[in-house]
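Look below for two forms of one protein chain, each set out as structure tokens: first structure 1, then structure 2.
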Structure 1
Amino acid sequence: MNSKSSMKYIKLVELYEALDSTTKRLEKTSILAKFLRDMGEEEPKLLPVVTLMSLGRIFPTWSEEEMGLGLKLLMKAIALVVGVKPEDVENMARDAGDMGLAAEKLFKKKKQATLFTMPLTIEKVHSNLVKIADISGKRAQNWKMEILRELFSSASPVEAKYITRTVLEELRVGVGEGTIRDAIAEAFEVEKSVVERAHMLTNDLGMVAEVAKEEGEAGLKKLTLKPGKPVKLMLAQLSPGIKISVEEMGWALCETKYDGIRVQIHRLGDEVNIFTRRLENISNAVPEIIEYIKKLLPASDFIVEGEIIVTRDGKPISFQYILQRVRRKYDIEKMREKVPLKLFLFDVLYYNGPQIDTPFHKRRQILESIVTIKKDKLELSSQVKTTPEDIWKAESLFTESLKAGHEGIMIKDPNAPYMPGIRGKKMLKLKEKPETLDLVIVGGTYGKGKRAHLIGSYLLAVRDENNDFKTLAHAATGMDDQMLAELSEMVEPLIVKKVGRKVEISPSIILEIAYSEIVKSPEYESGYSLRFPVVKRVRGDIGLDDIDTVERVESMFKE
């Protein structure tokens, strides 16, 4: 904002009150559309600011700037201005269930009327709140409170309510990004879908509103992604099964699905920023990732995507650990050693200009050409190309992924563009079922060559209602050499019959089995089978009465 605007803050407050007076989304949209249209006429330079403030925000979600003003300080500022104790503010907020309402009530009771103060302008409220974020250093908290106090001392009760709520980033008028987009479309007579795309690409509703007003649809269509401003992520649907999915795509690029957090990494000149799936900026919390990027991806100006995981001794460990890292504000260096991070990159959205309309297989080539791989630090997602004829490649990637402790696989359409904000059929995920089955070993097959002395594949069974064992699947993956040897040793005395490499085993040893899907199958006595069974562990802690039943498998299949 260059020259001063005299638009009163009460105008915006009246908008909030009007939005709050209806629960109907269409009505909210029209109220907001009218406001934006009028604002566009009267004070066009305020349009970006009020668009953001209609969401109760001063900074977009992805901005690293925050007011950093705690609840205590807010209560203190209110208390000082209305002449009560901070505890009174706290009690009032507890009774009212909302700090904003409490502020309004207290301001109404305020003894000293603010007769000689100038009415607040939108610009004043906005610039003071921006100033609060800018202050850092020793006496920052005092300065922040002073600036807030200045605002409060000119505020009417209802203004105090909304200043309070804006500071808390909770406006409570039932308006989300979707309503604002619809309102922009209605206000400036542009297509909703065009507004939506512009928003997905720029994540800047203020700018979208301004461009919609100034340049209409043509201007919005010209908006595109830029390093520095996060793009809404393309999301994945569940795959009904590898074969069906690959057949539908014609051919597919399948990748290991890592269990960590998705990140979008932006580089603009020397500046690297890392955003989460919710577009929060976590750059400060993950300094080693910034270092890896600067070193191993020296190109300038790009946007890439990947998954950050935590590893211990080269193996991925629980996703829970990563939260200890990304939510952290202090002791970051100490945590760096305790919880080491690794980045797998899998997509590029911007390099030598926007690449989102480039087919995925070409984007992968670009990615490969700009990244230097450094084991245990920064790698590319492992990927296989599959057609319906060599589906086994994807299937073995799936079992390999589970074996290595990852979540499953992603199945990606090689010809698809990057579709921001869309959960479509161009990117699918196939995870291990969270439920495992406890099955008993009833048979096995000896291996060949070097493994001829070990049973490499086990025939597994469930129980039926008569306590008879019914076969369900063969499992051959998930066991390392040591486990294979130990199991063979345990099984040896239980062998009741041997025909060629096949053996019959007396039911006793129970295995916990993970799998991707239960399917109908005439090949097994239970009438069902498992796709991609993987041995998780030997269950020495349960007995034959506790193993899973045909009935459970049947009901899980029906689910």
Structure 2
Amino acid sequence: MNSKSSMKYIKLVELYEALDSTTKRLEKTSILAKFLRDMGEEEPKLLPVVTLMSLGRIFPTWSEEEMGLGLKLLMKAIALVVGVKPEDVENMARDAGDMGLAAEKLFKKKKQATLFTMPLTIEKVHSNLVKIADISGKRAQNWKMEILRELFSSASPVEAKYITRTVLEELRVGVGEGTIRDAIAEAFEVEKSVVERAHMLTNDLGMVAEVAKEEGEAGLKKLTLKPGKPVKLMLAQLSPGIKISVEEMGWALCETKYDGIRVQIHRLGDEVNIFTRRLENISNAVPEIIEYIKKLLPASDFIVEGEIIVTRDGKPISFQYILQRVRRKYDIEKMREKVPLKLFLFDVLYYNGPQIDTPFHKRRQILESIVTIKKDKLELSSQVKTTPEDIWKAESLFTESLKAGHEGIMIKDPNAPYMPGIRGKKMLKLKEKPETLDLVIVGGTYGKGKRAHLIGSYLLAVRDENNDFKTLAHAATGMDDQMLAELSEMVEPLIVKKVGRKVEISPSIILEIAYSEIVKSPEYESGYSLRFPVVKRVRGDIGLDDIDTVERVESMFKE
């Protein structure tokens, strides 16, 4: 943004309040569409910014930039401005069940009015939060605090509520990416499907809104994926069985399903970047993978997909070891020796131009033509071609994959295009173990006796179509003493309310949960429950947008 904008931040806050006042998705879409349309007329240069801020974000999901503001620092800044102790802010947050509401209540009781403050503009709030992300070095926390304090000093109570929530990336107005896409389509009179495809290929809703406004459908249709900017991964559904799946596809390409971290690897010029399923850039944490890619693939622009696993004595080992590697910021060379990584590649999205509309069997041929195999470093996924007449080939691959310590197999439609962000019948998974769900922790209950200081049972939730969290189950088994202690430590800063032994927890930590059966239940907000839920692991490789949905639970219940 070059020239100064005078659009008041309170206008965006009024949008948030209007969105929060209804639970109906169509109403939310219309409210948002009108705001985007008006913004496109009045302040077109702000359109990409407010589109992202309508999701409670300052940066796109794939951006390496982050504010790096912990909860303690945020509470300290609020405390300084309103003239209370940080513990008072923490207590208020626990009582209110939401840090944003706590900020609003505290600002209403503010002891001292700041003299000569100018009303906040959208540009001011946005640029200050961007500045916070840019600060690093010895005194970084002090500078971040000062910039945040400056914003809060000019904020009204309701503005403080939403600045707080934006910093925490928890807007809580029930708007997800689907609602934003529909609002862009309505605001600028373009087809929803065209907006959806443009978003799938660019993963940048701000850009999509700007192009929709300036160039309409024709401009959106020109947008395509480019190396350097990750796109959402194509997702798999559960296979009802090898035979029925292959028969439905006519013929299939079946591959080993590896239990690791799925990655999308981009080369642009001399630069190689590696993104996880949640589009987090982990390039610095996996230097050997970068080395393999540079040595064993062409020195031209491409996007390939694969799975990073950890092996020991030729066998894959626990997923948690990979998390240790990708989360690592220090002593990476030491960990490289201790936890060696291996990469299996299985798809190509870009080479000599975009390939996502190319059928999968031809994409595989392209991949095979550009990769040099190096055993135990970089390999292609094990694959067999299967027809209804030779189902045994897929069954043998399934048995071999399990024997080698892998999860099972993928069954892929050879004629399917690559469909970013879509979970459909073109790509299916078959595992030996029962299907699991990825759920977010929203509450818990402390144990008794020796475990009184540990949370022993976790309340878990799925997402609904409005991006709200709906409870589904309590899980208390599958965790040994070490995991209980580690989880309790992780959730402690996220506790927003305590009542007796029960706590409410800000949604952040995702668990993979196994279970025996999905049943209908009025006890939980989703309308369903899980029988015998067991905690399998913490999912540090996915984000809140990737957790399972009420819709998927319903579909699995029907199956």
Ligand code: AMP
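If you superpose the two forms and keep the largest set of C-alpha atoms that fall within 1.5 Å, you have the rigid core. Here, residue number means position along structure 1's sequence, counting from 1. All figures in this text were calculated on a predicted structure; none of them were measured in a lab.
- Shown as structure 2 is the form predicted on its own, with the alternative form given as structure 1.
- In the core-superposed comparison between structures 1 and 2, the C-alpha atom of G137 has shifted by less than 2 angstroms.
- Core-superposed comparison between structures 1 and 2: CA of G56 displaced by less than 2 Å.
- With the core superposed, M490 shows a C-alpha displacement of at least 2 Å between structures 1 and 2.
- Here F360 exhibits a Cα shift of 2.3 Å between structures 1 and 2, evaluated on the superposed rigid core.
- Aligning the rigid core between structures 1 and 2 leaves the CA of E389 offset by 4.8 Å.
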